[in-house]
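Here you get one chain, nothing else, as structure tokens; it is the form predicted alone.
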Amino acid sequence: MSPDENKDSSSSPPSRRTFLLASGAAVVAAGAAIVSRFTNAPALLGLDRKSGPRISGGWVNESAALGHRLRDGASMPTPRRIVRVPAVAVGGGIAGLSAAWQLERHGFRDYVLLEMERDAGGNARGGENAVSRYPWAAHYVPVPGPRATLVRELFRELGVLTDTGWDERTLCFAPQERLFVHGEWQSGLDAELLGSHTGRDELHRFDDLIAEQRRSGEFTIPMALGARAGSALDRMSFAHWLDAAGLRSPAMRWYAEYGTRDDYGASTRDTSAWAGVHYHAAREPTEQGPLTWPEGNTWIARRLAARVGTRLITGTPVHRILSNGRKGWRVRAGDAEYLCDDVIFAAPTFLTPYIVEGMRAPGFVYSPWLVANLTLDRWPEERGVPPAWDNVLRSGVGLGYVVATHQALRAREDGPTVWTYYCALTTRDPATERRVLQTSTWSDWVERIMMELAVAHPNIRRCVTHVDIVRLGHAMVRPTVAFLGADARRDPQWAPRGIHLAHSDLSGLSLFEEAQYRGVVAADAVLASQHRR
């Protein structure tokens, strides 16, 4: 998802040829203008009625301070009580919840699941206000194919999949996607490509190449069923692969980059060709989804958490995991020390050297993101096709917005709504982007978002009443070149005995299906370990 330059509605649009020739320069100029204006943006709290009503809101779900304390080796509470339990799961995101789901399915309930935040879910958390429920990150699951058996089993349990098919209320309603380009909204993310002979030719060649890769069997979900560490595509960037294929038009490159920014928070230069191809080849072209809810994947997370019951302990950050010799592990969290045989580490793997005794850093790269939920009292002005679930703008630094009220049967196009705006921070290296993100102000970001959306919605400032923003410094792992061969992924001795890594970053793909798969694999290892005792 990403924004486009606005045009006066009375002027005629440029020809397709003129646009394609000028597109590269226009995108650079637009990006520079937005960054320049953002740097000197005023705080929104002082806007007068001429510019628009005051907008309330602030930062939410702020937990970076605790992560920085772990990183810096700050002192933590001394345990005041001892709890003996065979297994401890660390991290209540989808991986940890899925591990618990698998343990429960096998009748194993002698464990605890410890989660740092007040609510479980990780990137699948969400919120709610008087208008709608809404997601804070993950907002859909593609309809799982026949090989994604675990996802299908879960959705059968949740009633999403029945003998008659998928619950129609969970399938994304039409229209699903639109693109703001050439001064108006157009249907589909490939609208620009379909608008020219060059674009149609490149899209056809791209689809043929993806179909060929799909037939190879290397691109599966879960990825462990097909991925090969020695894949030639893992040794080059996706940008290099596109160059080699002769796919160079600005429209084609934007289309490809949208995919890598959307799923990996990275440019095509910083994504392996294997991962870039996986985004397109791992799904069936006839897939009828996605599956979605107003609150996104929070709908799933809350139901998984309910199955765990009192074994889920939230608001309890794990700050140290120490070897207990042949007796297993000592897990320190809050004022308690848990003595256990096995640990499922479902928190991001980059945390292991700060928490787990004797473990080293995996060397993974993580993408920073910013997500904002905008409450609007009415739908703003626009031009083109009707609103869709996913609304993508052609140029700029953001990824557009998803409409939380899209799945609400009683939602009115002219009534109040909630938009979830996404921005993957890919311009600079991740460490620099994280520093800038942590030092920027809420009002600066609101101004930046308003500027981007005003391209497609000129009166957006008069419609938005509230903006809450979350900063995600390590939102998702980046599948960089040579990621498939990383030691942390391939070496079975990389984690000490009794520590079972479960985060989706081991797949290099921050997907629901990958988190579920990793959690279940770790739970199976614990079940086997407990069976041997």
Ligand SMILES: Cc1cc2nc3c(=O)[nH]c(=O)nc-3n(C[C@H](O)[C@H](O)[C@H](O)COP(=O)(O)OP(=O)(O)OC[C@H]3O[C@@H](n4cnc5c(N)ncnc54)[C@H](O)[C@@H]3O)c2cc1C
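These numbers come from a predicted model, not from an experiment. Residue positions are given as counts along the sequence shown, with the first one as 1.
What comes next is about the form predicted together with the named molecule, which does not appear here.
Between the options 469, 464, 501, 472, which residue brings a heavy atom to within 4.5 Å of the named molecule in the model of the complex?
Going through each option in turn, the one that passes is 472.
Of the residues 260, 373, 297, 417, which one places a heavy atom within 4.5 Å of the named molecule in the model of the complex?
The option sitting close enough to the partner is 297.
One stretch from 166 to 174, 92 to 100, 334 to 342, 77 to 85 that, in the model of the complex, holds residues within 4.5 Å of the named molecule by heavy atom
Going through the listed ranges, the match is 92 to 100.
Is residue 347 close to the named molecule in the model of the complex, meaning a heavy atom pair under 4.5 Å apart or at it?
Yes, contact at 4.5 Å.
Indicate whether residue 121 is a 4.5 Å heavy atom neighbour of the named molecule in the model of the complex.
Yes, contact at 4.5 Å.
When the contact criterion is heavy atoms within 4.5 Å, does residue 495 count as touching the named molecule in the model of the complex?
Outside the cut-off, so no.
At 4.5 Å between heavy atoms, is residue 138 in contact with the named molecule in the model of the complex?
Flag for residue 138 set to yes.
Mind listing which residues of 508 to 524 have a heavy atom within 4.5 Å of the named molecule in the model of the complex?
Residues within 4.5 Å: 510, 511, 512, 513, 515.
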